[in-house]
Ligand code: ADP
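Below sits a lone chain in structure tokens, taken as the form predicted on its own.
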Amino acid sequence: MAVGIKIRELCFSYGSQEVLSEINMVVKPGDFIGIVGPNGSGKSTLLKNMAALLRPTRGAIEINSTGIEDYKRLELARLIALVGQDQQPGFNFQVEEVVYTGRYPYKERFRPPAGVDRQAVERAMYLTGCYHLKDRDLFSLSGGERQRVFLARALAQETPVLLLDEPTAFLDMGYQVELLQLLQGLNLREKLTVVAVMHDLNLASRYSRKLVMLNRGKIFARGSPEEVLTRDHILEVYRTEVLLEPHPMGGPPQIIPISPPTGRKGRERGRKIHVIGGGGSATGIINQLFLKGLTPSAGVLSIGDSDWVTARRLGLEMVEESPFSPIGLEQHRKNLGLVADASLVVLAPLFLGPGNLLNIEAALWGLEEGKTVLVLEPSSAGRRDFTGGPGGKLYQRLVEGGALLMEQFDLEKIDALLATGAG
């Protein structure tokens, strides 16, 4: 049976404390939706409202256009199964007995299990990898083993919709992936609708086709993993700087936290640094500045160059040029604009050729305009110059014009320099 769920203007409060506000959400048959958000954002409360364990303060939840409150408990149990985060077994049943309780919507009282019940229970235990535990007492199992048993009970319920609250809690890495691949397979093959609250953003990104991000009880973002899990969204909601790296197996990007939860307020303002590099010469500098809490700009960088990749994944403002092309006048003008906005210009130890001489000219222009220009590794400039002379002359003009020279990039010296009011 195809089941669709529509949530309209849902609000929920515990006493005077509002936990959910104005939630509008549609779950279509065959969806795999991950619900993400920081602790206290209302994820579990939303799931409990969808399972009718809680009743909304305002708003409505409809299942196939019928209000959820109009379903009898057994009717609802044939449509929606829930695996909660805080499942507490009341009695020390054997595992097989626990999984059999998933068949309660289909049994008359005191009637022994039928063949269809045994098939559903055995299949669920095989799928979740807990068949070998069927004769064990529930209290003797680890947290991860119990989690698989409770999932087996939900699958034995054979509902078209499965709600899961932190389904990978207590599971080691291998079982996390195994469980989510199982759910993904059931979703694709059998059109099982899955709505899962997930803590791990990488797992949510990898296995969910749609994501809903909650923040402070409201929907902050929704859409595909690529649309929801952006650097700006994660920074605002989780207050953490991240990198988004392409997954080696394809699909949505991986999320790599790179700074403590300080948020955008942790980014130092009024201290703009422009880095001129290329060919990987600026990558280490850019990374160090970013991790320090600064947001440098960069240019002119060739598209696909390793410095370009670094600047792009950090979301930096930069000037880019086509691969294997000399720097054009338009890109040069943009570069001069970033130099003009900077407090400090850092010239990385890049290799010089006729195509990127304008990068050195941009640094020289900044120096002549009164900007503080830092030249890194000046002693090796001659070995890096493949222009036949013009590059060396530009470096000499930088030195004679009063550029600061530093053989090795030193953040403490950069801090001291900026503290003096560079630029």
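What you see is a predicted model, and the numbers here were worked out from it, not measured in a lab. Quick note: we count residues from 1 along the sequence shown, nothing fancier.
What comes next is about the form predicted together with this ligand, which does not appear here.
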| query | Even though this ligand is not shown here, does S44 get within 4.5 Å of it in the predicted bound form, heavy atoms only? | reply | yes
| message | in the predicted bound form, does S65 come within 4.5 Å of this ligand, counting heavy atoms only? | response | no
| task | Answer with yes or no whether G59 is in contact with this ligand in the predicted bound form, where contact means some heavy atom within 4.5 Å. | result | no
| query | Is M406 a contact residue for this ligand in the predicted bound form, using a 4.5 Å heavy atom cut-off? | reply | no
| request: Mind telling me which stretch in 35-43, 392-400, 361-369, 379-387 gets its heavy atoms within 4.5 Å of this ligand in the predicted bound form? | output: 35-43
